[in-house]
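This document starts with one chain, in the form predicted on its own, laid out as structure tokens.
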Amino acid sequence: MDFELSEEQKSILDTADRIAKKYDRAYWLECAKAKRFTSELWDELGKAGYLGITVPEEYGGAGLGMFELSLLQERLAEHGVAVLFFVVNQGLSIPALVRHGTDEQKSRLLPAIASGEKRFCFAITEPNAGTNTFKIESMAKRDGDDYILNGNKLFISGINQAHHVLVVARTQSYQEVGGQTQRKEGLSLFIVDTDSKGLSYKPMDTMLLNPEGQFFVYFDNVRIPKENLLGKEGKGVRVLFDGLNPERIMAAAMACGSGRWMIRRAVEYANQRVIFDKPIGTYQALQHPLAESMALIEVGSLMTRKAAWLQDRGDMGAGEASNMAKLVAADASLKASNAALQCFGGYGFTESQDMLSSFIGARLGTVAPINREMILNFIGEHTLGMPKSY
């Protein structure tokens, strides 16, 4: 097993360092507080060719894989620059388009995504259907050559900054397909323009600090051309599942990078802060939690790279590895943020030190994009061979 990165992969990390120094944590915070998209950072990543890392070369991309994309995500997050759009745009939308899009869809959309001209967000969660995806109620009914979409979504990241939203809706209701036994049937995915008539959204009042923001989204008789159906009608589960592994890999990479950033901040502070005539970093009560967190972050990073490698190979083990990577990375990031916050003491709760927002973000990682309990259910059932527990 060779852990050495290729020259191209090393170049991605070097370029990420350069870009993140130009558009650093202070820039990210400024955008987050103003609820303004990090457009300058996005444009810079586009110029470097990094928005289309996983887009095939014939559509203007680099033709690389999730491994390279996860390296970029992790390194940016190490600088305190967490790019949530990489989870929904590069992680979910691009793989779905590449694997299931028609030639027309790919020709129309992928070059614009790779250049940074267009951005996708993703809409699946509903008020009555979170983890239980199959109970979603949004309906898309055929009307001639179009579909008419009605329904509500929530916790939709960055729809105000996206040009298209990939919507999961039912083309047959839960009852029509036969309920629980056939629950996977009747789901379809649609590419919806965010300026479509009948589509509206409003911000959610969350305590999260990020430039993308979270939104309620409403579909009121939104007309969707049939050519914007992604994959086959009623067979959207396959399309959806093909995007879940990349989503979890990207979330894990972001968690690992953010964990490293918080540890580095805490170490710098602990080496400078003097209490009882010596730096607080000399005290094991602070040193050991940071050291343990660092070890766990490294474990999460290794598992994330393995998951990305398996995903790029098309290996069936990518699902198991992606879930494990997400679980370990999110837990490690939360442990790191907690240790860092404790290290700063009362100063960690001041706005100037910018630690509490990182703690909240790390805590979110254990809940979304999938909660740790559902990952443990997956491991118990599919890895350990135990009975389904829910």
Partner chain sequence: MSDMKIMVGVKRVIDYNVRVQVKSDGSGVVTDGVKMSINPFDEIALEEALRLKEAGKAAEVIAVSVGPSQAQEQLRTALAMGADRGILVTTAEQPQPLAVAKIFAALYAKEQPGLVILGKQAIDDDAGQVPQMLAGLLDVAQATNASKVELEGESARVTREIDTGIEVIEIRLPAVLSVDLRLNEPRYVKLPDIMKAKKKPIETIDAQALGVERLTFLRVIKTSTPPARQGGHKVGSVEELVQELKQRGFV
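Treat the numbers as computed from the prediction; the structure is a model and nothing was measured. Positions refer to the first chain, counted from 1.
From this point on, the text means the form predicted together with its partner chain, which you will not see here.
A.B. asks: My question is simply whether residue 373 lines the interface with its partner chain in the model of the complex - judged by any non-hydrogen atom within 4.5 Å.
C.D. replies: Close contact is absent here: in the model of the complex, residue 373 is far from its partner chain, nothing within 4.5 Å, heavy atoms only.
A.B. asks: Looking in the model of the complex, any heavy atom of residue 53 within 4.5 Å of its partner chain?
C.D. replies: Looking in the model of the complex, residue contacts with its partner chain include residue 53, since a heavy atom lies within 4.5 Å.
A.B. asks: Although the partner isn't part of this model, could you tell me whether residue 47 comes within 4.5 Å of its partner chain in the model of the complex, counting any heavy atom of the residue?
C.D. replies: Yes - in the model of the complex, heavy atoms of residue 47 and its partner chain come within 4.5 Å of each other.
A.B. asks: Decide whether residue 381 counts as a contact residue for its partner chain in the model of the complex under a heavy atom distance cut-off of 4.5 Å.
C.D. replies: No - in the model of the complex, heavy atoms of residue 381 and its partner chain never come within 4.5 Å of each other.
A.B. asks: With its partner chain left out here, work out from 326 to 334, 352 to 360, 29 to 37, 60 to 68 which stretch has heavy atoms within 4.5 Å of it in the model of the complex.
C.D. replies: That would be 60 to 68.
A.B. asks: Even though the chain is shown alone, can you say which residues of 4 to 37 have a heavy atom within 4.5 Å of its partner chain in the model of the complex?
C.D. replies: Contacting residues: 7, 8, 10, 11, 12, 14, 15, 17, 18, 19, 21, 22.
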